[in-house]
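Shown next as structure tokens: one chain only, the form predicted alone.
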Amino acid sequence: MGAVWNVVKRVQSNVSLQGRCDADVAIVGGGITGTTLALLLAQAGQRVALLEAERIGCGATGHSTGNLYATVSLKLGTIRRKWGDEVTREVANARRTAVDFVQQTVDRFAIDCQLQRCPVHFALTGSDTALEQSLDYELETSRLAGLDAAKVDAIPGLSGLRRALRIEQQAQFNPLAFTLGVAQAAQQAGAQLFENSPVRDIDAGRGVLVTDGGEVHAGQIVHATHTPKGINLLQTAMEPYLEYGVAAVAAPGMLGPGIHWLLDASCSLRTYEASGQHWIVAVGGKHKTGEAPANGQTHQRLRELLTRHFNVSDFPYAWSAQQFHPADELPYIGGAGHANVYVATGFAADGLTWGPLAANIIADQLQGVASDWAERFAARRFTPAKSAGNWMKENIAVARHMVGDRLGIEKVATLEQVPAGAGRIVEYQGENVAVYNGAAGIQAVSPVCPHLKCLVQWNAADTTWDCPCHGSRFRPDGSVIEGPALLPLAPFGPS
């Protein structure tokens, strides 16, 4: 069904890469980060080639919440506990600058993306002492960070509210419409944008990126892909998670404007309006990638929540988005690995704001301009005291999946033993096979992720094969959706 942002109409299509293209900077990824960087560099006179595996904005950006804010989804108190007061102020200032940059970009290029300023709410509907204390700390932290924050006891349209923290002057928009507008501006400034051009190999030393149809030769390479493509040490410092979204047809004014995090329900709510149609959006159901509930009911639980609170019944949209949580709670932006390679990753659930900030930081670095934020979010930073706990947890989980997922695989005499509508890893003729028995019949591929050889796991809600180790995701036919994997799951062909 896709995300609600897809109501926007694409006004142009970009060709796939064919043959050789020479550039100063090659950008991998056509989301909010990559297109913004392409615009900034093209305006500065750089030769830019952007490679998008599918369509501009269709990845993490087009499956996001459409929310922009100076705080963070896990609350600024999380940053403050780990990093202290000064860094908390720095984070809020950086993100506030990014939100303002988005506003300025919309105004400058007249991008029709329904951008509007609105409040953020962290809300409680039940009685939970720990969450109430956390909310008090978040109020104190938000004010310390210079945000306009206050306690409130009502949110228009949301019944059963116990208490909430309100932060003014945040924003919402259609992220796909914004990204398409930025991409158009980047092209007009001289950037070359190639769609349906997945990168299959990257030779950083030679500055060569290979696609199915051609090659880009560039002096500098930027991974604007949510997580770096190929093998990168930063992948060991991030935990991949999936979160789900649904949108229901709504009456005007059903819920007040703003970003509404329901802390005790672990979900967020917002409304969206375009061309006279109104929707109410719920996002939640987060779990580790590759550890999806077997019943596939993540979207259904969100539908039930909206029905319970707002008595809606028509749900035309459902989607999911992946997040990469950094070990020390801050994103990784800038040079990493080879001297000519840059990354923008570790955005957790806050990428719509981190992305434009990352684009500005990397654009400055590539032009030799000092950046206010480069050192704080440097991808090469070394923070063992702040990273160790999450780093150990993630890499223990990776080791567990590397070994445990290969145990207890069911043997079958025929692939048709996999139930209709189900995806299973089975042993068939002495080989492990990832099998989906769908409407088009049996689709069988290797279950071994080509990234680092973990076994993928079935996600019934999304009908995908997800790698629990570093977040690569694949369609039933094995083609890559996202993540570090450059190549698809190998086709299965029994002897």
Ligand SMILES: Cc1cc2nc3c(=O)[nH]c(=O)nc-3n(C[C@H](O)[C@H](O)[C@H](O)COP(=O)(O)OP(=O)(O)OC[C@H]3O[C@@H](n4cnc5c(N)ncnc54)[C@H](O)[C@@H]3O)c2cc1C
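Fair warning: this is a prediction, and the values are worked out from it, not measured in the lab. The numbering used is simple: start at 1 and walk along the sequence shown.
What comes next is about the form predicted together with this ligand, which is not displayed.
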Problem set entry | Contact stretch among 150-158, 351-359, 330-338, 419-427 - heavy atom within 4.5 Å of this ligand in the predicted bound form | 351-359
Exercise. From the list Ala92, Cys113, Ala321, Ala237, which entry has a heavy atom within 4.5 Å of this ligand in the predicted bound form?
Worked result: Ala321
Seminar exercise, completed: Picking from Val433, Ala49, Ala53, Leu40, the single residue whose non-hydrogen atoms come within 4.5 angstroms of this ligand in the predicted bound form is Ala53
Exercise. Would His260 count as a contact of this ligand in the predicted bound form, using a 4.5 angstroms cut-off between non-hydrogen atoms?
Worked result: no
For this session: Give a yes or no for Leu193: in the predicted bound form, does one of its heavy atoms lie within 4.5 Å of a heavy atom belonging to this ligand?
Result: no
Exercise. Is there a heavy atom of Phe178 no more than 4.5 Å from a heavy atom of this ligand in the predicted bound form?
Worked result: no
Exercise. Is Trp465 close to this ligand in the predicted bound form, meaning a heavy atom pair under 4.5 Å apart or at it?
Worked result: no
Problem set entry | Triple contact flag Gly66, Ser197 and Thr225 to this ligand in the predicted bound form, non-hydrogen atom at 4.5 angstroms | yes
